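Only one chain comes next, encoded as structure tokens, the form predicted on its own.
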Amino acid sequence: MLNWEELQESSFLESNARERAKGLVDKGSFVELLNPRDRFHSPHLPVLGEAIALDDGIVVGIGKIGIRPVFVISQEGRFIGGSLGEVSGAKMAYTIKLGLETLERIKEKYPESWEERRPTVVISFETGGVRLHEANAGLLAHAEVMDIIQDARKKIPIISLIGSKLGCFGGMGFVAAATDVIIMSEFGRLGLTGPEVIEQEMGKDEFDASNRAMVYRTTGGRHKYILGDSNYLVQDKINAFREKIQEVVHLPFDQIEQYRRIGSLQNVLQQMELINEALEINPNDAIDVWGFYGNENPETLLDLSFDQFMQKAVRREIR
């Protein structure tokens, strides 16, 4: 594995789960929990004749950013498409629960300064969703994770990072949407149903999954940033994600709460407004949406550099 300094300049897109986990927190601070030596893997896959991973395709652990504990969850897309099963789901849920338990211990030990030591949970998504091999066990894992995310609301911030090769789709798209803050790179992709599944079920005329440019225009970081589904857009470097995490954890918690997409009547009304706007636009392409939100000559956004895009792009106004 690359050393910490090398990881800072590494592509988030090209890095594996363990590299991302190590590079997102302070140098030398990451400690992996339930690592491969613990042999904590799925009991279902051997029965089906499938290979296992000794970490079940997910890396969890704890590090620090300054004096704040940071609980890191990092999915590995190279193992069964980063799918979430019973064991990987339990690791994800318990890591968030550990963050909540740590908050209570910090409050007891530092009653006057606990807020500046408030723990944070960071989830690096790389997944197509539920592990179909594990059926109901995988679906229950999704539900358990979403339940513990709601328990953590207004207590500890949960930050989603989306910039890996597989993106974030399926039930994990719901999980990401349930967190407090989403940070994406322009190479990140976010959605519910993946492009290949849409094409399979609805046909190529509905969605051509082989058209990579269209796939990225529809599900990629630039579109999600304009639409407001992503709170922040950063460059494809581990350090760029790390720096944005550092910025977010120092925000007032009330402001972090305003970044959420679900969980209040106001959020529901905003989503209903978005549905009405979609009916009004009736878009054939994401470019139509960009134009609706005030981007002149929206097709020119496609060829801009990251810095040029950030200067020029007009985002949907969220009231």
Partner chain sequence: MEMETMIGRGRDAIEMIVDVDSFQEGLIDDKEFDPELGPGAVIGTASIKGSTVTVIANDAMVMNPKFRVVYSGIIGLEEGYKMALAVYHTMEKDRQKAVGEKRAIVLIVDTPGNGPGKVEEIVGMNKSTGAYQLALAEARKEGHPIIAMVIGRAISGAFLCHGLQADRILSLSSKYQTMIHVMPLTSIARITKLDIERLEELSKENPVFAAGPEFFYKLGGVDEIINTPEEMKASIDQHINEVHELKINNQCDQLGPWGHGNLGLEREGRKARIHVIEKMESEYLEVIDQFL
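Model, not experiment: these values are computed from the prediction. Positions refer to the first chain, counted from 1.
The same protein also exists as the form predicted together with its partner chain; that form is not shown, yet it is the one meant from here on.
Open item on the list: Exactly one residue in F292, F253, Y259, F40 has a non-hydrogen atom within 4.5 Å of its partner chain in the predicted complex; which is it?
Closed with: Result of the distance check: F40.
Open item on the list: Under a 4.5 angstroms heavy atom criterion, identify the one residue in L233, I156, V249, A178 near its partner chain in the predicted complex.
Closed with: None of the other options qualify; the answer is A178.
- [ ] May I ask you to state whether N136 is within 4.5 Å of its partner chain in the predicted complex, using heavy atom distances?
- [x] Looking in the predicted complex, residue contacts with its partner chain include N136, since a heavy atom lies within 4.5 Å.
Open item on the list: Does any part of T102 reach within 4.5 Å of its partner chain in the predicted complex? Heavy atoms only, please.
Closed with: Flag for T102 set to yes.
Open item on the list: Does any part of A213 reach within 4.5 Å of its partner chain in the predicted complex? Heavy atoms only, please.
Closed with: No, A213 stays farther than 4.5 Å from its partner chain in the predicted complex.
Task: 4.5 Å heavy atom contact, T193 and its partner chain in the predicted complex - done: Taking the distances in the predicted complex, the answer for T193 is yes, it comes within 4.5 Å of its partner chain.
TODO: Taking its partner chain as it sits in the predicted complex, which residues of 271 to 293 have a non-hydrogen atom within 4.5 Å of it? Please list them.
DONE: Contacting residues: Q271, M272, L274, I275, A278, L279, P283, N284, D285, A286, V289.
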